[in-house]
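Given next, in structure tokens, is a single chain: the form predicted on its own.
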């Protein structure tokens, strides 16, 4: 009888956890957690050490549920010993609405985690969690250097650059760096071609064939690009000054006066470019105001046309370069 008496409070707590999690995570009734959390409840991220109150935890749940309306969560196992316990769970859902500043991709995801809990007077007073929105984005293949939920996570440099170096010094440095000019292209949900001018392109490796581009989140093309599985990268030739002007503009249809064709995976590729590749997007790293897209090259084509050059805010013809 002694064992049964001691086990009953544990069973009550397990039942309350299972029921309130179902209400909060599956139906969005986050106030149900009030019956589970102690008045001084705190949720601690094992990765960043960041603490959240009960109210902040409810807000995070609501934000995630808004982005994943079909989200369902299953409590797989609960272990309790004394005033300590562990909750093991998994969730499935489809990313169909924005998650703060992250556009929806339409992808389905299964994510899982474990919560270490401290129980005080039958309620959870502390949770140490291995999972947060960072992990959810990672499970979707959307790696996060910054986050919709963390102002300054541990993996972002947050030094004040207003002193040394000064903003002008940094601009002066950037003006000395010469790049080519690309137009990154994709299609939106209606199949309409979209694109923007980008000079932050780099080859990562030849084996495997990986490249990256960096795109500002305020670009009108950004939501379509973020949702896409593939993108085209077109290196502008010396004869495409007017084309690059079109893509640097806010024209409603930037492809209206252009000759272009679809790549094997549907990416718009611009005719008469110095070179074009079609890329399968593999990673999306969020970096504050920009997203770094990393992709594997699936096709490549180059012409004999000389490329355009960009330096210090101006475009140059590369045909008459003098070899050192």
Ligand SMILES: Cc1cc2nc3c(=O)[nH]c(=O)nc-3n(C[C@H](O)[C@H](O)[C@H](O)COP(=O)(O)O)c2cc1C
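Keep in mind the model is a prediction, meaning the values are calculated, not measured. Positions refer to the first chain, counted from 1. Each form is matched to the other, and the largest set of C-alpha atoms that superpose within 1.5 Å is called the rigid core.
The form predicted together with the named molecule is left out here; the points below concern that form.
Asks: Residue 95 near the named molecule in the predicted bound form, any heavy atom under 4.5 Å?
Replies: Close contact is absent here: in the predicted bound form, residue 95 is far from the named molecule, nothing within 4.5 Å, heavy atoms only.
Asks: Under a 4.5 Å heavy atom criterion, is residue 310 part of the interface with the named molecule in the predicted bound form?
Replies: Contact with the named molecule, yes.
Asks: Would residue 234 count as a contact of the named molecule in the predicted bound form, using a 4.5 angstroms cut-off between non-hydrogen atoms?
Replies: Taking the distances in the predicted bound form, the answer for residue 234 is no, it never comes within 4.5 Å of the named molecule.
Asks: Taking the named molecule as it sits in the predicted bound form, is residue 248 in contact with it (heavy atom to heavy atom, 4.5 Å or less)?
Replies: Residue 248: yes, in contact with the named molecule in the predicted bound form.
Asks: Within 4.5 Å of the named molecule in the predicted bound form, heavy atoms considered, which of 71, 215, 78, 129?
Replies: Selected option: 215.
Asks: Pick from 220, 166, 120, 203: which has a non-hydrogen atom within 4.5 Å of the named molecule in the predicted bound form?
Replies: Of 220, 166, 120, 203, the residue with a heavy atom within 4.5 Å of the named molecule in the predicted bound form is 220.
Asks: Where, among 120-128, 105-113, 81-89, 193-201, do residues come within 4.5 Å of the named molecule in the predicted bound form by heavy atom distance?
Replies: Only one stretch passes the 4.5 Å heavy-atom test: 193-201.
Asks: Is every one of 64, 226 and 284 in contact with the named molecule in the predicted bound form, taking contact as a heavy atom within 4.5 Å?
Replies: No residue of the spot touches the named molecule in the predicted bound form.
Asks: Can you name the residues of 165-187 that have a non-hydrogen atom within 4.5 angstroms of the named molecule in the predicted bound form?
Replies: Only a single residue, 181, comes within 4.5 Å of the partner.
Asks: By the 2 angstroms cut-off, has the C-alpha of residue 22 moved between this form and the one not shown once the rigid core is superposed?
Replies: The answer is no, as the C-alpha of residue 22 shifts between this form and the one not shown by less than 2 Å after core alignment.
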